[in-house]
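Just so you know, structure 1 and structure 2 below are the same protein chain in two forms, each on its own as structure tokens.
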Structure 1
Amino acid sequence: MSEAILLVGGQGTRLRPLTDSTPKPLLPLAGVACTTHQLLKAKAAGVTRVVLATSYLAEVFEAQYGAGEELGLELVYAVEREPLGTGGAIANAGQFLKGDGPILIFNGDVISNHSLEEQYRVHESSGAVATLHLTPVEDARAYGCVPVDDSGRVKAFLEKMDNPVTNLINAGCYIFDRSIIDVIPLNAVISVEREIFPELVKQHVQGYVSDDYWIDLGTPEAFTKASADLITGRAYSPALGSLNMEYLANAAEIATSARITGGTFLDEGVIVDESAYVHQSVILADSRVGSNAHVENSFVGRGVKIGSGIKLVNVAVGDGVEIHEGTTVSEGARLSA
């Protein structure tokens, strides 16, 4: 399994305003873009060449990673002028593959600690045309629901159903035989989840079930949680090694009376004033947290000014926003400049 396709063309609608100028996969987790965490995980499992299936803000990926020299991977870009959906994206990216071997395909907004090597072994030994990483969740409604039989063979694929038949879901990481990529029509909008998997299960699709750390980064809250989990060591990434820290700060200026906890990430040039409290949050470059402010489970963009005494809980703040002292910000708010 030396080649991979990474699906990174989605709009990240639920993450606005954070995704207005940065594609969701490039938002930082513990200071490192989600895409970098994923590419290095694939590399550690033996992948040497990755086709990035891009669409929304496609140019930003190429500007950041180029041909992949810095990561020690060969990267190529398959750009969809109009988003083709997850299935159309796989077909389009398939044209850029070199080899005939099994292909690793993964959603670009997931941090997972499952073993790609184990998943590959299951693929090899089962003889399936596709092997899906599956993980149990409490509420399966927002995901692809995937019932399996006793041997782990996938019985059905039910994308986002109201009454899930199982709590086992599609974790967004697949191994496909090359033959099933080549038959997806080109230049058509197709969903792998809604159109391809329900057909493929009539052949042989295998499930690889694991309950290792897994998170989908669909919301700002999920981003702050994943970032904090990497910093405190609840989650692992080869991009960071094993951390076990209360917070991670890149050249930030923190008043001695401020309290930073819960795996918070503070980027370069961040200033935290006296008696401020920042818990399980992400604060990007050059932002300032005023004195006595309370910032909890929140994702704060670049160059943001949070006034004295401001309380933010589960809030996403876009780049450049100023929140003046005395403002009340409701829980879960999304603020943009």
Structure 2
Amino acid sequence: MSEAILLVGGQGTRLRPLTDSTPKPLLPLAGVACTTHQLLKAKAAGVTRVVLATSYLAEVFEAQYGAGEELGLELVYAVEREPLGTGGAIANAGQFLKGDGPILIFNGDVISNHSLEEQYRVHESSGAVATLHLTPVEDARAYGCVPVDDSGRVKAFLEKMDNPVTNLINAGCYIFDRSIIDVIPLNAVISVEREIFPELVKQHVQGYVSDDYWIDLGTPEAFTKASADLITGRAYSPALGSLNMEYLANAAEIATSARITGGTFLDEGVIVDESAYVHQSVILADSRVGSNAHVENSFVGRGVKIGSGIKLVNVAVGDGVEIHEGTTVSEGARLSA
């Protein structure tokens, strides 16, 4: 397994305003772009060449990563002029593959501790045409579920339902035989989940079930949680190693009476004033948290000014926003300039 396709074309509409100018996969987790975490995980598993399937703000990825030299990978870019869905994106990226061996395919909005090496071993030993990472969740009603038999073979792909037959869901990481990719039609909008997987079940799709740490980065709250989990050590990334910290500060200026807890990340140029409290949050470069402010489970963009006494809980704040003293901000608000 030396080649991979990383699906990073989504617009991240549920993450606005954070994604107005930055693609979702390039938002930082513990100070490192989500895509970097994923690329280095793939590299650690033996991948040497990655095709990035891009669409929204596609040019930003190549500007950041180039040909991949700094990461020790060969990176190429498959750009969708119009969004093609997950299956269409895989077909489009498949044109840039070189080898004929199994291909790792993974979504750009997931962080997982599961073993890619073990998933590959399961794929090789099972004789399946595709092997999916499946993870158990407490409540599968928000997801389609994936029942398997006693040998781990996938029996079906089921849509969202009120009473799921299993708590196993598709975790967004696949190993496909190259032949599967080559028969997906080009330049067509196709869903791998709804159109391709149900057909592959008629052949042999294997499930690799793992209850390791896994999170879908679909919301600002999920991003702040994943960032905090990396800092506090619940999640692991080759980009950071194993951390175990209350917070991670990149040259931030923190008043001695301020409290920073819960795996908070403070970027370069951040100022936290007297008696402010910041918990499990991400605050990007050159922002300021005023005295006695309370910031909890929130993602704060660049150059933001949070006035004295302001309370933010589960809030996403876009770049350049000023929240003046005395302003009431509703829990879960999305603030843009």
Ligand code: GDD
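Just so we're on the same page, residue numbers count up from 1 along structure 1's sequence. Small disclaimer: the values here were computed from a predicted structure and weren't measured. In this text, rigid core is short for the largest set of C-alphas that superpose within 1.5 Å between two forms.
The first of the two structures is the form predicted in complex with the named molecule. After superposing the rigid core, the C-alpha of Pro83 moves by less than 2 Å between structure 1 and structure 2.
Once the cores line up, the CA of Asn163 ends up 2 angstroms or more apart between structure 1 and structure 2.
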